[in-house]
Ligand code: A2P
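In structure tokens, the next block holds one chain alone, the form predicted alone.
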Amino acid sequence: MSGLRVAVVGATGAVGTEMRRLLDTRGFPLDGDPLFLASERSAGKKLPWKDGEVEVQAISAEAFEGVDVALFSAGGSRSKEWAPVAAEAGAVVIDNSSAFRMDDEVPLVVSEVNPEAIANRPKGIVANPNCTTMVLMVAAKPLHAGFGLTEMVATSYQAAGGSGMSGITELLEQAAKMVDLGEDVLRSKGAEAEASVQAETFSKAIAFNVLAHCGNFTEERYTDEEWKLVNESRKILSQPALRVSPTCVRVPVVVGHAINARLTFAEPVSRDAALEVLAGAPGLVIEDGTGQDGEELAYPTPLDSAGRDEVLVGRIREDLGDRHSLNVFVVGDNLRKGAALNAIQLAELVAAE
């Protein structure tokens, strides 16, 4: 592969930081140092790169001249404004926001699931899926290929880090304050504990709590996070009639999204057959053991997934009432595979063309 000129838009953010690190550690074929782009207030800041530093530049039309690949992780409004500008300048844009995911002329791609879709990009833009959808699709795709997926009932347990650094900071600060209150308050005076902290990123206190509210409520009393799971799954799997029943929940975890999914197929499915299919799936690790009959106790957790490229799947079991259904528990690092890593993997697909 020949070297490419790469720009990282939103280079100072949590996902941008991970993108910068992965460009280095994965040995992406670069032509010179990457460009680090951000808002005017971050311009001039120096960010580490290999053994040196690269100065952050403000986003501008001129900054994209000569750029081959532009990695965007700066929010939907920035993407809507600047991604077409970068594409017009000749860059292939890989966008991590929701701005273009449902655009019919923009492929929505998970590198292990539908890499062939990246070749058709009329607008010069490729969309990175939502982190929850992406993690689930790595496990759902091989099962769909094997048995014909027709329906999903999916409940996500999403880390505070899914809301960026502000979510992580809010979780840790609230947890520290609540610990100071003591066990009695946490155990019997929940309202007092919640009143002791200020919820800003989330609608209620996230520390020591579970919030059945992830994203913003929209039509039919579902949140936008839940609609992403519906619409993006259909697009990625090319299954417009796929029935999806989603519930997205925020949990007091720093990083790592987990999804419990009941998957229903056109064909009958057994645990053994599912394991055989999943064992050969790219980017997927099976962690599944009951601790009985000589098995090691094994199941995925967010802490297990932190910092890992792979998606983890476990609790693989046949449904108790339907021979066509299977229950699985899937976990992945939302900042890594759920955002930055997939973007870099898509850039690698572009570099290999």
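What you see is a predicted model; the values in this text were computed from it and never measured. Each residue number is its position in the shown sequence, starting from 1.
Below, we turn to the form predicted together with ligand A2P, even though it does not appear here.
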So which of 129-137, 242-250, 147-155, 162-170 is the stretch with heavy atoms within 4.5 Å of ligand A2P in the predicted complex?
162-170
Would you mind picking the one in Ala207, Ala258, Ala74, Ile236 that has a heavy atom within 4.5 Å of ligand A2P in the predicted complex?
Ala74
Among Arg41, Arg26, Arg323, Lys50, which has at least one heavy atom within 4.5 Å of ligand A2P in the predicted complex?
Arg41
Is it the case that Arg121, even though its partner is missing from this view, gets within 4.5 Å of ligand A2P in the predicted complex, heavy atoms only?
no
Just to confirm, Arg262 within 4.5 Å of ligand A2P in the predicted complex by heavy atoms?
no
Check Lys177 for me: does it contact ligand A2P in the predicted complex (non-hydrogen atoms, 4.5 angstroms)?
no
Is there a non-hydrogen atom of Leu22 within 4.5 angstroms of a non-hydrogen atom of ligand A2P in the predicted complex?
no
Which residues within 5-21 place at least one heavy atom within 4.5 Å of ligand A2P in the predicted complex?
Gly10, Ala11, Thr12, Gly13, Ala14
